[in-house]
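What follows is a pair of forms of the same protein chain, given separately as structure tokens and numbered structure 1 and structure 2.
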Structure 1
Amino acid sequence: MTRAFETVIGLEVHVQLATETKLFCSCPTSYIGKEPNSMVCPVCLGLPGTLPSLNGRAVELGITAALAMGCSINRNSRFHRKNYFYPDLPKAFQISQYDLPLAVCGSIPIFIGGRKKIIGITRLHLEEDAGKLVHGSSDGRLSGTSFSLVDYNRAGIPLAEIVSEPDLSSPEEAREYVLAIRRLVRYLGVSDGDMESGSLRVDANISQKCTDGRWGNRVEIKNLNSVRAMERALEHETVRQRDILSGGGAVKQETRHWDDVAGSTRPTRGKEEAHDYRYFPEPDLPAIVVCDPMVRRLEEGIPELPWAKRERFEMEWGLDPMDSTALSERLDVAEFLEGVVAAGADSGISANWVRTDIMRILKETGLKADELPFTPEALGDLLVKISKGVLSNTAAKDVLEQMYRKGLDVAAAMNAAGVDPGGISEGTLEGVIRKVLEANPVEAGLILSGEDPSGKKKKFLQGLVMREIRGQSPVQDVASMMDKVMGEMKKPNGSSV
């Protein structure tokens, strides 16, 4: 009998909260690229006699993320100590949350092939990060090392751990979920969500449910350093577990380590996972009491969420899912687009411009949309000029270039670009058209003799005219003037080409 399997995945995502200082001391969090152990103090080094003081900003950011996922915020939550020995853990316990996390019971939508799926969020809790071990072996790995160095710059960095329900049923869904979390935390400014630098980390739990009613044991996979690595690891683990179950075997409940080079998972050594963390309430920290006004204030500060914006862009403006996704990913970009449309510009043209030209500028400069030297209203004005036929698309791009490079307003940028709408007189335009027709007798002849049914030759000639006049007349004016000139050519008393 052939059996079918369902994959069941739950993820634990750790995001580094975008605070200025660490979770329990006032050391800065900007440790990337800094001298090892240069951003530490007696508190984050866990020296005897020191006590933690909770960073209120971390609590706010955690609550903000939780509210955006529709979680309920525990009005009373507390910290526990998670005890284990490891050199990167200065106090030999991690201050984390256990039975009373900051928030519980939320959800986040993901989109798979245009289909929306709601993924449950079990909990969000706060905890401190550990330091980092640097092993002395030539390849930087633990095996074969004769010594290891510890850098405590990262120790005490605030993390929010977001635990999903086991609602994900494929590596692809897992990927979309992680991307959705990353988008959300970036969107809210809760975290920079950068997986490469470690400010977003994922552990995956995966098991198989068999149609014959059997359940495979859950396996936890660690060392997932990129979204791609996670997907590959989950694909590999799906196959591995199904093979075992198909062969009548049992999947061992264990923690496995993803080896990105080998493309496979292997069990972590038994000792590492034989932990009894001996959780107990952290006696040095009072309970975190969150009052209703605080929740209300944070709730009010949450902008329309990316998935809501996305749906609205599609419903109201008729954007396609590709555009609506791309344009709702960043709050600054989405709000910029909304500003452009609010200034009266056509939503389709606006979406197109923001997705191409504005995104390109943002990528080049690393700016956020609200840091651009021009306002969304200015771009809106510019795009209105296109719709009204005052400016050509080409000319408008030149103008935008001036607005961004020189920080000019629309009028000044038009001057600087040498674009003067309506600045070409009818006479000049007519002259240019005649010149172009003379220079392209073959195309002109074909048009005149009615051999350009698709109008392609005509468009080509109009394009040449536009180039000559550098887009300073609306394309409609060029077309009608060209028709007029060619009409004259056809007349018996007109000069024949």
Structure 2
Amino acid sequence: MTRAFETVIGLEVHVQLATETKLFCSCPTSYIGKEPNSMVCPVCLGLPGTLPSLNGRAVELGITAALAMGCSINRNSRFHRKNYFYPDLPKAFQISQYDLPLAVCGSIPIFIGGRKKIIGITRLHLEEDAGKLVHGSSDGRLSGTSFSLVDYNRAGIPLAEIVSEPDLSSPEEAREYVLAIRRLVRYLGVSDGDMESGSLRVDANISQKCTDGRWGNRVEIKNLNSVRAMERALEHETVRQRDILSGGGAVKQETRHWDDVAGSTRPTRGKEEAHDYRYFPEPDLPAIVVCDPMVRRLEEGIPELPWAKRERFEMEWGLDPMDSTALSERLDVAEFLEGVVAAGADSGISANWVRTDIMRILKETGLKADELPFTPEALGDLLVKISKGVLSNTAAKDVLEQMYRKGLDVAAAMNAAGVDPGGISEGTLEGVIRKVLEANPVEAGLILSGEDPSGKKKKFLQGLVMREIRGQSPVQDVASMMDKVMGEMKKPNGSSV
């Protein structure tokens, strides 16, 4: 009988919470680009005699993320010491949560090929981050280095670890799950979710289930510093484990390191079990007591969630999945779009403008949508003018630039852009077309003699007219007027080129 395998994946996503200070001390969390070991204090260095003090904002952000995923919030939870020795851990233990986490039993949807799948969330718990090892090799990698240095600026940064159920069955699903988590934490303002800077990191657990009833041991993969690296690592590990099982061997339970250059995993150590860490309650921190009013307050502050907005944008407005996903990724952008549509603009046109022009401006400036110098209602007014034929797309883009650069309202921006609020008159448009035809007699002659079967020459001349009038007439009006003028030129008493 031919063996078949089913891949079983569970992910541990570590999310850096968007607090101003570390989890147990007042050191700032803005350590990126700072001199090594300059953002530390006796507490986060674990010096003798120091005592941790819990950052309440980190608890609120953790609860917010947990509620958005439908988790149950434990009214009483506590911290434990997770004991292990590693150079980036100054205390030789990490303050984390063990059997009494902040939240349990939630879920989050992912979408694969238009199909919705619910992924269970086992738990969300809080913990402090470790420091960072800086390796002396030329490429900064552990492999081939002769020495490593430790930067403790990151030590003590607040993390929410989100542990999934083993509900993921392919690297593709794992990718979509991580993107969904990143989208959610950014949307809620819980974290910036930037994997490049380490604000979101993933450890993957993968095993294989065989149709003959055998299970391969679970392998943990670390050093997954991008979504693509995680996907490649899982693809490699799937093949490696299946080859071992197909050959009658046993997969060793271990932790493996992903080598992105080699495109393979390699063993680093045996996989630890919980008892290996010798967990015991953190004696210097009291239990976390979460009261019902606090949960209600945080719950009331959670907006419509990104996957709900995505589905609504598709169902009500007919947006395609790519647009609806992009436009629901950021709350400020989604709400701005809804404001544009509420102002009377067509939903499809609005979605296109927000995804292209507005997102470009936000990327250039680093602003949020609600910080733009114009309102969604103003953009809605501009787009309505396009729909009514008052403005062409080209002219409207010029007007938007004036609104953005100078903070003008639509009327003032039209004036600054040299756009006539009444549009180009027929007489003016006809005059511009005659001028363009006279300046381009070869192309005009070919069109008049019927030697432009593809219409390329005509489109070229229409483009010149649109440039002359700065897009202040819809292209269909330009085409219609050009047909009229050239029709007159064919008559005996018509103008000649």
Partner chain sequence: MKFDGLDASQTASAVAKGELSAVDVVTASLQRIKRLEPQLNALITVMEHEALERAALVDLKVASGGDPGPLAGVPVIVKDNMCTHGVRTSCGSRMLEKWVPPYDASVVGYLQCAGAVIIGKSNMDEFAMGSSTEHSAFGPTSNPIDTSRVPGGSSGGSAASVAAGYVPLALGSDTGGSIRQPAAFCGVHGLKPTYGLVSRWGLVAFASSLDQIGPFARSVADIALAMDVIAVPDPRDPTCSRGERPSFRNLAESPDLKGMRIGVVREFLGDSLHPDLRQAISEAESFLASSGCGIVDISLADSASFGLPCYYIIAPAEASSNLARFDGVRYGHREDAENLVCQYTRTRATGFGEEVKRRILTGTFALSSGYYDAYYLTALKARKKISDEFERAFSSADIILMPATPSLPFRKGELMDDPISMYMSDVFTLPVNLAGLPGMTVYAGLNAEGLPLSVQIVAPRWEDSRLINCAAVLEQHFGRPSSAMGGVY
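Rigid core here is just the name for the largest C-alpha set that superposes within 1.5 Å across the two forms. Residue positions are counted from 1 along structure 1's sequence. Because the structure is predicted, anything quoted here is derived from the model rather than measured.
**Request:** Tell me which of the two, 1 or 2, is the form predicted on its own.
**Result:** Looking at both copies of the chain, structure 2 is the one that matches the description.
**Prompt:** Quick one: core overlaid, is residue 479 moving 2 Å or more at the Cα between structure 1 and structure 2?
**Reply:** Shift of 2 Å or more: yes.
**Request:** Please state the CA displacement of residue 454 between structure 1 and structure 2 in angstrom, with both forms fitted on the core.
**Result:** Between its two positions, the C-alpha of residue 454 lies 11.3 Å apart after core fitting.
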